[in-house]
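Okay, so we've got a single protein chain in two different forms coming up as structure tokens, structure 1 first and structure 2 after it.
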Structure 1
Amino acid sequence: MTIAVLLKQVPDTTAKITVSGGRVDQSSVAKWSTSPYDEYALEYALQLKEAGAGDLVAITCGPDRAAKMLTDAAAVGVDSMLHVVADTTEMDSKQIQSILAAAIEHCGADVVLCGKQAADTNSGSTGPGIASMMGAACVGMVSEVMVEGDSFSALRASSSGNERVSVSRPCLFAFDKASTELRRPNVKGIMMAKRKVIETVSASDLGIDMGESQVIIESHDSPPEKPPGQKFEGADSVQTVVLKLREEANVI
């Protein structure tokens, strides 16, 4: 059995984002990282592998720079890596899902783990969309998954609290934040990862006809700057502060 974990490289949450010519200036992003929810998917994919569920392949779709993220995944225990090299900036969600579904089939995986949403787009459509294309069970908002014989047990959040769901293959788990501690590469893992070869393919290699994107991005805009804060000193300002909290901030 092969387990696939889907990883997306996004601007680090501490990186400054600038807009130039109506588009996010990706060249100005100083640091790129694995999308945070994908990190939890990777951790539990490694745990499934260690429990004997099968070999683990990390898959990403993105530009050349995303290869480093796959190498980092190999440094913590991923067996193999597949990089679909593509410029996804103008693709719609269905196009990306089609590529990833084909990549999963290419690897022969029938158990897939991913983040519930990416930190840059926050659409949350990748997991359910891929599961639909695979004809697989989809479990979202997952915070834990484990092997139970020939099936898998997942803990997820629901409107009435946490619930445990059991599914069989093929299946896809979309991860929320979990309580487990994420592992980080050590020196030995980094050195071993450098010897592993990343399989690089294109969408056409996977037999995907991209067609035209159904979504047109008109422009990106930076959020409006927040107004400067107000500072009050001394007991004489208490009445003014209370009025502002009640009438402007609506907090009392």
Structure 2
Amino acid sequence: MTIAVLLKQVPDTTAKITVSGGRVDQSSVAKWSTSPYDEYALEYALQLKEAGAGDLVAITCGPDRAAKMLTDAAAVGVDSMLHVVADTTEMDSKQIQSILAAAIEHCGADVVLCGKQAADTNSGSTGPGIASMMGAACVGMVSEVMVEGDSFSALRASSSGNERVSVSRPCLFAFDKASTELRRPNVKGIMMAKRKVIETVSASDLGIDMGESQVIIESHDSPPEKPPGQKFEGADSVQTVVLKLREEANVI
């Protein structure tokens, strides 16, 4: 029984993003990190492994630099790592999903945890798309998951609050922010991780012919600059601002 956690390396949330030649300039990103929601997926994947639900493999699809993220995951306890080396920046949703679904199959995993969306593409297509390809039950907006015998119990956000749901294998959980603490690696974990070997493959090694992307990115641009705002001193200015909201902005 194998559990897979899908991790994506993205520009750190504090990193400045610059655009040059109609594309976000990846080479100018100062710091790369694991996408925030994926970190919650990793934490719960570790908890499932510790509860005896299976071995844990961390999977990523990305360029060479993404390997560091897998080593970091090994330092907190994942058993094995699979790196599909590819440039995902111009791929459409179908292409990336077919690679990851094949990677999951390659690892023999039938329980998958991932973030609800990545902090760079901000989409949220990957988890549910893969669940569909695997024929797995899909639970999104998850903030907690537990193993219960042969099945799993998860807490997910719903329109009216939260719901506790249960699913059986095969299943996929896409994580929202959770209230749990994320674990940090200790020295022993870091030393052990250095000795672990990352399995590195290409999309074609997995038997994937991706075809052409059906979504052509025309350009990236910096967001339009807002004209500088007006700033007022003191609570007395509230009256002025309310008037402006009504007469200049027309929003109240």
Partner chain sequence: MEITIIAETSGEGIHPVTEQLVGAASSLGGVITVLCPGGRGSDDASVISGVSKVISLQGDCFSSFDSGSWSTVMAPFSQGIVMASSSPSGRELGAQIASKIGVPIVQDITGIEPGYKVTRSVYSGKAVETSSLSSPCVVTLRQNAFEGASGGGSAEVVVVDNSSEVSVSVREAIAKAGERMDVSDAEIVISGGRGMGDPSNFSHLNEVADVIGAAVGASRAAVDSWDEIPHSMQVGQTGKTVNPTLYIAVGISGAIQHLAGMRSSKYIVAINKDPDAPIFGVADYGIVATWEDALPALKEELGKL
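Keep in mind that what you see is a predicted model, and the values were worked out from it rather than measured. When a residue number appears, read it as a position in the sequence of structure 1, where counting begins at 1. Residues that one form lacks are left out of the comparison. So that the term is clear: the rigid core is the largest set of C-alpha atoms that superpose within 1.5 Å between two forms.
The chain as displayed in structure 2 is taken from the form predicted together with the partner chain. Once both forms are fitted on their core, a CA shift of 2 Å or more is seen for residue 243 between structure 1 and structure 2.
Core-superposed comparison between structure 1 and structure 2: CA of residue 229 displaced by 2 Å or more.
Core-superposed comparison between structure 1 and structure 2 places the only run of three or more consecutive residues whose CA atoms all shift by 2 angstroms or more at 224 to 252.
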